[in-house]
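Form predicted alone, single chain, as structure tokens, below.
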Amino acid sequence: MTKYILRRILGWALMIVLATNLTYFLASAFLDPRANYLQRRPPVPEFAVDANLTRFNLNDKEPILHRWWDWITAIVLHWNWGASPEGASVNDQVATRIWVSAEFVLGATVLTALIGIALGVFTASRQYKASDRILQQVSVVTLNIPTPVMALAAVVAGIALNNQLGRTVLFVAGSGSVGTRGFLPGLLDGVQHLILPTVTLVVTGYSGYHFLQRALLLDNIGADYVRTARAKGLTKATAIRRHALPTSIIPVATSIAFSIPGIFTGAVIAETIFGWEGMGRYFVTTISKNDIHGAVAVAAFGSVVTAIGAVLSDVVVGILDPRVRVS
């Protein structure tokens, strides 16, 4: 199992290197940092534009291979991912926004998965009963709520609650209050800012795992090995817990692991509404401002998170499925 995981890590490391370098060439082909200077008034002289772009290794008048070599050398030797056309350090941007996104996304992802799997198991074990039908209808409704609508509803509800209580309990914008000092005050302030975004992501995201887990578990409940277990005297709940659930949860675990990178960079709408400066908003900013180095850094970050999710998925599958450990 250890050798298998190490081989997978090595393979993903090579994939990250290839994907990152390929993204550099694609970004250089489709993004134009020079366009950032065309709309400025008064107009910027061409020699000044060239000087700025050359300073940040973004001058399209230089050969692409020459720019790529300088870029990759700076990363390998100094871990310097370059600068935006305005001179902002990509390292500084990513270092700050990663933790904002992690705070924004990870808790919501864990809650989404736990609630979805729990509801899937609960409704599958009570197929066609009233609780199954009601929870399925609720999930159908939440599945069709667009994220902006849910986020705005959460904001309105938070403001109404604050007005009702006469003080600010739930913050509707930003990731923290200015001037908050100390561990416990900082922790409480962070939780107050995090509740509404987390509720938004959980409500709009859990139903997918609910339906997936329910469908997979129902398939396995009707399998021969589960019916054999029940024929030997196990109760339905015990047969599901010992035999059907470990098998049916493997595809769900794999789905969760591979969904993490998409959630990181795809939470653009929620980050925008709640005013969180995470990786999702940074991705949009890099594209709109022709920031080649920033766009490549976001792609590299997505590749790393995908690799982490894939390795975690392999570990989880290995734990749940003895055949993987044996092979």
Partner chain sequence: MANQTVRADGVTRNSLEARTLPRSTRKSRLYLKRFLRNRTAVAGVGVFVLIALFGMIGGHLVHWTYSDVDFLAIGTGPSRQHWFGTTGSGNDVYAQLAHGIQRSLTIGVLVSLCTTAVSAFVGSIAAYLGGRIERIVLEIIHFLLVVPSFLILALVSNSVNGNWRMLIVVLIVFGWMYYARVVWTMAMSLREREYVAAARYMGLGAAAVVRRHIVPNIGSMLTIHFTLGVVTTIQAETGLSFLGFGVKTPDVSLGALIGDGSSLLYSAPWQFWFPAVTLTLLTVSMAFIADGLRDALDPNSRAGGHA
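Definition used throughout: the rigid core is the maximal C-alpha set that superposes within 1.5 Å between two forms. Positions refer to the first chain, counted from 1. Computed from a predicted model, the values in this text were never measured in an experiment.
This next part talks about the form predicted in complex with its partner chain, which is not shown.
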(request) Have a look at 190-198, 103-111, 223-231, 142-150 and name the one stretch with heavy atoms inside 4.5 Å of its partner chain in the predicted bound form. (result) 142-150
(message) in the predicted bound form, is there a heavy atom of its partner chain that lies within 4.5 Å of any heavy atom of F183, even though the partner is absent here?
(response) no
(request) Mark F30 yes when one of its heavy atoms lies within 4.5 Å of a heavy atom of its partner chain in the predicted bound form, and no otherwise. (result) yes
(request) May I ask you to state whether A173 is within 4.5 Å of its partner chain in the predicted bound form, using heavy atom distances? (result) no
(message) Since only the chain is shown here, I'm wondering whether F283 would be in contact with its partner chain in the predicted bound form (any heavy atom pair within 4.5 Å).
(response) yes
(request) Quick one: from L38, A48, L26, I64, grab the residue that has a heavy atom within 4.5 Å of its partner chain in the predicted bound form. (result) L26
(message) Quick check on this chain: which one of I319, L10, L22, I308 has a heavy atom within 4.5 Å of its partner chain in the predicted bound form?
(response) L22
(message) For a quick test of understanding: in the predicted bound form, does each of V94, L217 and A253 have a heavy atom within 4.5 Å of its partner chain?
(response) no
(request) Select from 109-138 the residues with a non-hydrogen atom within 4.5 Å of its partner chain in the predicted bound form and write them out in sequence order. (result) Q127, Y128, R133, Q137
(request) Inspect the rigid-core superposition and answer whether the C-alpha of A29 shifts by 2 angstroms or more between this form and the one not shown. (result) yes
